[in-house]
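Shown below, as structure tokens, is a lone chain in the form predicted alone; questions about how it binds or moves come after it.
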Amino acid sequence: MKRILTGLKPTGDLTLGNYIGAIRQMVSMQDEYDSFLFVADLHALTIYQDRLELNERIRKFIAMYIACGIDPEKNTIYIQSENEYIPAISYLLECTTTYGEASRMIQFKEKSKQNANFSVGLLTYPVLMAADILYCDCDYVPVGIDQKQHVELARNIAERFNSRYGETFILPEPLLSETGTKIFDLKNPTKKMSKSEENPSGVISLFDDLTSITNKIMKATTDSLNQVHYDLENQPGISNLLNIASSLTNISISELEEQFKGKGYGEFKKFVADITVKHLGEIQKRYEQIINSKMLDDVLNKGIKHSRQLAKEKYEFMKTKMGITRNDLKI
């Protein structure tokens, strides 16, 4: 079975957009691949994080992913920083990576412009990402088009290491699979619903209380046409609500348009709010059971044991290839 790896950065908040657009696709892929899912907490440290908030989000995010359908029996789930061999592998890879390669990464160029006093970690984190990918010999990394560059860098680093020291790494492929429906901000339906958005009234968090979810949907921006019709250009707000309703009910948009033909926006919004509250309410129930149980630690303990063993073997193999070992290389 081919191996797939997904990293989860514990910053911002998990939104309805994340659930519909990404998490449900991960759930569908876990039956097809040997799946690795990790919390990329070391990547979060490239900019300052409040330690209490970061610590809380790490556990909350993993518990919520499991509540959304990620099966611990079908996934190796672990926290990146608990695997001490991954940063060690990253350093060895840094020594085979050029400054030009690291500095050309799009996110580095953008974020370094925003803050001239950027950390060295911001420059080297793509190499750490390569270590995340390469240590476990994963075949595929599901990414959006904006992250494809990171997988390409990992391939380049792996190819150079293999050429210089001998076959060591599988060359990973970016998996640009068909993404789920894109969900937009409820207040500004021309912008993607983002977990880092500063205006919370347009964003539905998976952790929002159910009354708040209803209120946000009922106050969502629409238009003056008073017609439930899918038209992203002229009716982006209603189109966004149609996408949410269709995704959560598996009812086609055309059927929803027919169902609400001649009915007002208020009635349609209430329908969307009710099905969203029902769906997320069930997820939140499972989340509360997981976050308050011993299960989460059991899952993470099992995952890090497997992850650490793979990384230790790869690290020792790399050291031998590079000549930094007590072992007699002539043997």
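Take the two forms, superpose them, and find the largest set of C-alpha atoms that agree within 1.5 Å; that set is the rigid core. So that there is no doubt, residue numbering starts at 1 and follows the sequence shown. Note that this is a predicted model, so its numbers are computed, not measured.
Another form exists, predicted in complex with a small molecule; not displayed. Remarks below refer to it.
Remark: of stretches 138-146, 113-121, 221-229, 88-96, the one touching the small molecule in the model of the complex is 138-146 (heavy atom within 4.5 Å).
Within 4.5 Å of some heavy atom of the small molecule in the model of the complex lies at least one heavy atom of Asn18. The closest non-hydrogen atom of Ala22 lies within 4.5 Å of the small molecule in the model of the complex. When contacts are judged by a 4.5 Å heavy atom cut-off, Asp208 does not count as touching the small molecule in the model of the complex. The small molecule in the model of the complex comes within 4.5 Å of a heavy atom belonging to Lys182. This chain appears without its partner; in the model of the complex, the one residue of Ile157, Ile213, Met193, Leu242 with a heavy atom within 4.5 Å of the small molecule is Met193. For a residue to qualify, one of its non-hydrogen atoms must sit within 4.5 Å of the small molecule in the model of the complex; all three of Phe38, Met129 and Ile133 qualify. After superposition on the rigid core, the Cα of Lys312 moves by less than 2 Å between this form and the one not shown. Superposed on the core, the two forms differ at Asn188: its CA moves 2 Å or more between this form and the one not shown.
Leu206: CA moves 2 Å or more between this form and the one not shown after rigid-core fitting.
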